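Given next, in structure tokens, is a single chain: the form predicted alone.
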């Protein structure tokens, strides 16, 4: 996953980001959920900090278990999201790769990923005596509607006033439009990079995407983010020209649905590469890659287009929309099967997953497997059970060359 030369640049970018977050005195630190409109925060001259992103870093670096245990010792249930428990633990122990997060001056939470984030951010807001702004995103049971879009646009306008109060300066609309433009460039480059996995052999895997997702989450709307994804796209496109695959011999092309299992990334990389399995597509990285809006919502207005992008997320879709989207990915990326992660932490992402698997297999004729684990909590991962499920899946799947 670090074979891409761009990894060094990404590491440099993220190190600089966390150093600024820990040391800044000039910018208000505002905690943000991953589905909140970060463009408004950057336009306000504030610095966004993502506890979800930090929790994933803790798990990937195998530093999450003591943080989880510390949170549970304080009474937080093991049944709530492990991202939230990791965050509560880092606050108690000042732990993790950056020695904990800076406290927030204010918080912005959006409900387009889950409802747990509301209670999580309410707890953090109370502890830090910091104001919280909640952007309520209507769930798209039957697709995007004009009423839902207008409702969210109204909240975006209210967010401008909230941020102005936190910074002490009038909100700058021109700066917002410039930030949105940079954001759209970066997400477009990210999508073009992910789409290069349509080539055979695939020059990039979903495991690579999970790693290289960090700047598009935390730095979206900055020139550094745009420039980074130009570099990444150029490197991956060069692989296509050379006919170089991300793994030595590609025999299977598979979809991954749900968040990664951060604490087992290296294990999965080795397991898949040894068997010639490329994760050529995944739903999670696409959340920051501008999924095509439905007909009638290709907005020319940049702020309306921004609101569409935050509403039009896979995790925010109803059951039928999810199936349609997964089926489209399977066709467009010429996949041979699909893996679904039934994620103990993320109930909205995992609800109905066994039904999704059955219906998707019925529609496509391809095998699928559900593996049960947790994005951040290694205590929920059983290697023997996972190997058994994946080996059976491989036996049921027809290889590209077979």
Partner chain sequence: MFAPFHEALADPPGRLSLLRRRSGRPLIGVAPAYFPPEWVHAAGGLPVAFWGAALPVARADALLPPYCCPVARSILEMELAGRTAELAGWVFTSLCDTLVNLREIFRRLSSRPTLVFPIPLATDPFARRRRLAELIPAAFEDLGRLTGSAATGASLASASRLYGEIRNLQRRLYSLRRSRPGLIGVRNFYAALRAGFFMEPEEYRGRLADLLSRLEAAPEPPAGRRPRLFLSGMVVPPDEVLGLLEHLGLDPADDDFANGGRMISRPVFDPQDPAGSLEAAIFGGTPCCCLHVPGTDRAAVFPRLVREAGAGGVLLLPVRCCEPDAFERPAIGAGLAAAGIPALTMEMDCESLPLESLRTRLEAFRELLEESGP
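Since the model is a prediction, treat every value here as computed from it, not as a measurement. Residue numbers count along the first chain shown, from 1.
In what follows, reference is made to the form predicted in complex with the partner chain, a form of this protein that is not presented.
For a residue to qualify, one of its non-hydrogen atoms must sit within 4.5 Å of the partner chain in the model of the complex; all three of 88, 320 and 355 qualify. Put simply, residue 283 is far from the partner chain in the model of the complex: not one heavy atom of it is within 4.5 Å. Heavy atoms of residue 77 reach within 4.5 Å of the partner chain in the model of the complex, making it an interface residue.
Within 4.5 Å of some heavy atom of the partner chain in the model of the complex lies at least one heavy atom of residue 138. At the 4.5 Å threshold, heavy atoms of residue 81 reach the partner chain in the model of the complex.
Residues placing heavy atoms within 4.5 Å of the partner chain in the model of the complex fall in a single listed stretch, namely 126 to 134, out of 297 to 305, 267 to 275, 126 to 134, 249 to 257.
Of the listed positions (114, 329, 101, 144), a single one reaches within 4.5 angstroms of the partner chain by any non-hydrogen atom in the model of the complex, namely 114. Between the options 196, 313, 217, 148, the residue in contact with the partner chain in the model of the complex by a heavy atom within 4.5 angstroms is 148.
Contacts between 370 to 392 and the partner chain, taken as any heavy atom within 4.5 Å in the model of the complex, involve only 372.
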